[in-house]
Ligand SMILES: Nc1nc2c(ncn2[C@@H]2O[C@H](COP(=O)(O)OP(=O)(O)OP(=O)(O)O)[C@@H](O)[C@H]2O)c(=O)[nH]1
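Taking the form predicted on its own, here's one chain by itself in structure tokens.
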């Protein structure tokens, strides 16, 4: 069974990461009633014997009891706030001190500080942490990185780490889940950070999963409306729900009014859980991580996958009304279900993957793919650009669900919006002096040109669809 290492960087990355670890534990707790360390758990966890100096216990025949779980991950932030919250929660038992790399002063919402200052300063510590986790793996297949585009640490240090992984572990797939800032973001320098980070990811990641704050907020509000408001949530009804919502679930530390970001983080965490479900559980048509890269990334630079999930759910213990199977496929391609603000049906597909979970027949899956194909436009050189997967284990709160991963030309609109906001600042040289202390103006201009070229490449595929 392949192993994956999760590297969560910055405040956003660690908040989403904390929800991922919490929810993936809930999922395995539901389906691993015997408490054994099997191949499914080994994907993101190692089994250790604390009495023997945290010595690793191999999977073996998959029948050995769990003695102590440790997450295959690193928690990295240049200010301690979010990581300290995790340290004070039950999730702290998953991570040793060597898996937590923090500083005190933060990156000041400046990509250049995170990339050019903290990157070289913490490179050895981060690389040693990654190597140690890689040594614990029997078959390391992928890195999952989580971070934001708009901040300083997630964008700057995150893109630095991605480039480092490309140099040090070139054979291991690098997936990067990013969250783009909204147009009314309160970080004035977020357009600079977004363009600089995006340019690096174009060159260093194998696959990027973009999300937008505004799209996540729209989904949250829609789900809350469907479930008749936050009062519908019952405290302590989830497996690891403390009843508090500081970060949700195991990271709940004290009373606090629930914030939309808590639920938005859950949406992002669900994306990673569903995407890796075929790696962790059995199914009649499992989709491995290398299948996603091979089938959905036809060109090295066109690697940005738009994701959607149905049924939409945010909190682990909120159950929206069950959807008919056929309706789920319609919803997966609708504008409202996308994790960025885009309409893929109005644009051109380079390729598309559908990963279904639950008691779904292969015939139903194929029938719906054929039905939807007639309403979608694919590039002429890849008219059959579908990849389908079927995992027999459903999510915790639903009988079945569907994840869509699409390499679609409509993603260029999201990049165009970021580029436009960047140009508004850059043409006035506003706040530029904070960056030129660490990088040349030419580096910023070349990053913008790199993103602009990416937009052009997607536009070219759109124009050549007929």
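Positions refer to the first chain, counted from 1. Computed from a predicted structure; not experimentally measured.
Not on display, but discussed next: the form predicted in complex with the named molecule.
Enquirer: Any idea which of 330-338, 362-370, 391-399, 182-190 reaches within 4.5 Å of the named molecule in the model of the complex, heavy atoms considered?
Expert: Only one stretch qualifies here: 182-190.
Enquirer: Indicate whether residue 152 is a 4.5 Å heavy atom neighbour of the named molecule in the model of the complex.
Expert: Residue 152: yes, in contact with the named molecule in the model of the complex.
Enquirer: I'd like to know if residue 108 sits close to the named molecule in the model of the complex, meaning any non-hydrogen atom pair within 4.5 angstroms.
Expert: The answer is yes: residue 108 has a heavy atom within 4.5 Å of the named molecule.
Enquirer: Heavy atom to heavy atom, is residue 261 within 4.5 Å of the named molecule in the model of the complex?
Expert: Although the named molecule is absent here, residue 261 would touch it in the model of the complex, with heavy atoms inside 4.5 Å.
Enquirer: Heavy atoms within 4.5 Å of the named molecule in the model of the complex: does residue 197 have any?
Expert: No, residue 197 sits far enough from the named molecule in the model of the complex that none of its heavy atoms falls within 4.5 Å.
Enquirer: Can you work out which of 96, 291, 218, 79 has a heavy atom no more than 4.5 Å from the named molecule in the model of the complex?
Expert: If I apply the 4.5 Å criterion carefully, the residue I get is 79.
Enquirer: Heavy atom within 4.5 Å of the named molecule in the model of the complex: which residues of 381-409 meet that condition, in order?
Expert: The stretch does not touch the partner at all.
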